[in-house]
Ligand SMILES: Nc1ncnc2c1ncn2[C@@H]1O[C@H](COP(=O)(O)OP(=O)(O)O)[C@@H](O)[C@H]1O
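Next comes just one chain, in structure tokens: the form predicted on its own.
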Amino acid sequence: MNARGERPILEIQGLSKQFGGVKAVEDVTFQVAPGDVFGIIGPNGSGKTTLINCITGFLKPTRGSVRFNGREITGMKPHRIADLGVTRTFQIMRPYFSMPAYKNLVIPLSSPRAKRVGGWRGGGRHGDRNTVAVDILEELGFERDSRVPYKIAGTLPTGYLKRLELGRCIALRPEVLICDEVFSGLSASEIASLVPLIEKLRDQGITIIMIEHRLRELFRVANRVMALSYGEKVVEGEPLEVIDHPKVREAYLGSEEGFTC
């Protein structure tokens, strides 16, 4: 149980990952409660993406434990973890570049998880998977009456690709959504339009973990934040408490993001 008396939806205990003699992640422990927006911050090379890769099965931890809804998922394959309800975006987008944008969502909409949890029809949507895919993209900022949802994914600009990454995750109806630098590479206006979408997903009850360098935008939506440095947890707490921690300020020294929140 956490301080609010809630059972964590995700529990990370003593997670470590070494590459030869390099300790990329060292003894990281934290919990995420249902409905949280949990931010993970730290300078480049602090182990943020490695940590997420260990949680989502893309890397096998050297030691430690990952539990989702009380179930041990440490070392499971990524597709099994996604099937349980933990999905993630990638910092470097990984769409099916040669397929139309909406077809990228038809694949997860056809997955065992989407069928098992009732599919989108059970969630109040009607129509075939192609229609539902376009519905989801429209909610994420794709103009339905334009040709954008039908364009080949590889021809889309970064802003649309970021939204497409989110759409592929949302199509699986996740309980936990992990976003790896979803704001990176976007203009100020693109970020401003994406923040409300994150807030909407939060309000729909999806637990969100965000790796992010854009602290001002992160702190708009996150209720808790953890800072990493050199693979180790420095501090965890409310956003302003974390950024005021001396070691966090030291880690961000010279970085504008660390002092403009």
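From a predicted model like this one, the values you see are computed outputs, not experimental measurements. Sequential numbering from 1, following the sequence displayed.
FYI, the form predicted together with the named molecule isn't displayed, but the following is about it.
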The named molecule in the model of the complex reached by all of Phe19, Ala24 and Gly47, non-hydrogen atom within 4.5 Å:
yes
4.5 Å heavy atom contact, Asn130 and the named molecule in the model of the complex
no
The named molecule contact at Gln91 in the model of the complex, heavy atom, 4.5 Å
yes
Consider Pro43 of the chain shown here, and say whether it contacts the named molecule in the model of the complex, taking contact as heavy atoms within 4.5 Å.
yes
Stretch from 49-57, 189-197, 30-38, 66-74 whose residues place a heavy atom within 4.5 Å of the named molecule in the model of the complex:
49-57
